[in-house]
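A single chain comes next, written as structure tokens; it is the form predicted alone.
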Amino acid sequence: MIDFHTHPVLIRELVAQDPSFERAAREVFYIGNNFQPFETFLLQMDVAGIERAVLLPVACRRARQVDVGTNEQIAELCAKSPRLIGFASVDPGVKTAPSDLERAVRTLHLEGLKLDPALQDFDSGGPEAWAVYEAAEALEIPVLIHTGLSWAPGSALERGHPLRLESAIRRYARLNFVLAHFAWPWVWEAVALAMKYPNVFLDTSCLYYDSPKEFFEFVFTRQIPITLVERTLANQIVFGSNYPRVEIKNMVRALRALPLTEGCLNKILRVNAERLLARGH
């Protein structure tokens, strides 16, 4: 199984190396949990039955004065364990963003792109982002982009609306867009994009209160019918936990509690992620 959405924001070793990392975690990413040894991350994966996990940084120094993890830190963590898949993050508001992305992929061997329009304060559908999308498309990597509600202080809610992305999704048809959090609360809009465009995927990290099981039941049986997941979107959903905001095992249990067939669950938990991570797909 693959967790397509994790943030290494509570790793104690990173705080020891970089004093600004604590402020990034507390004030920008807005998380209050205790910092933990790197080994705890891998143990969380073990308990949940997760074989590999995607690590996501956010390059938001221009907007927030500090990055929430750097590409170099992500590469360093991935070097510690073959179970980790590193994504890069670059800032579309910076002119060097396309070349920064190419370096991160070709030199640091990162395997995807993470963007957060709310935290990075840019228009995900505007021309400033096009050069970055074009670079990602040329590199044949997926882009995972924050959509939906953002808790980040000072961020604009409208930045996360999934329909802002439609022009880019149409323009870069060979680039796979993964819309994080199912774009909650704009779930139907995100679903409509996935139904219309084959290069749109959705991740399951749509948890906005403390019960994963209750929230998943609400989103996947009441906000949208479970048959839509099973019959129409089964090839375009990937599992994402948003760890460490929630324990990975609780998100896996919540997904497995849904009335989905094993075939559909296998696609969400493994097959679709493998397809996205296959360069050149």
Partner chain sequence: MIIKLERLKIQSRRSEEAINITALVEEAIAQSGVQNGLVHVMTTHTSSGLVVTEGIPCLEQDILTHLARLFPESEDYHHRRYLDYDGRLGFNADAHLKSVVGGISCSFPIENGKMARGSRQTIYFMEYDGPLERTCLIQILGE
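Numbering follows the first chain given and starts at 1. Computed from a predicted structure; not experimentally measured.
Heads up, the form predicted together with its partner chain isn't pictured, but that's what we're talking about next.
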Testing 65-73, 223-231, 52-60, 39-47 against its partner chain in the model of the complex with a 4.5 Å heavy atom criterion leaves exactly one stretch, namely 39-47
_So in the model of the complex, is its partner chain close enough to R256 to count as touching (4.5 Å, heavy atoms)?_
no
*asked:* I'd like to check something about S211: if you look in the model of the complex, is any of its heavy atoms closer than or equal to 4.5 Å to a heavy atom of its partner chain?
replied: yes
Spell out, yes or no, whether the shortest heavy atom distance between L207 and its partner chain in the model of the complex is within 4.5 Å.
yes
Next on the checklist: Just checking whether E247 would be counted as a contact of its partner chain in the model of the complex - the rule being heavy atoms within 4.5 angstroms.
Outcome noted: yes
From Y197, W130, W188, W151: within 4.5 Å of its partner chain in the model of the complex by heavy atoms is W151
Of the residues spanning 1-30, the ones with some heavy atom within 4.5 Å of its partner chain in the model of the complex are R12, Y30
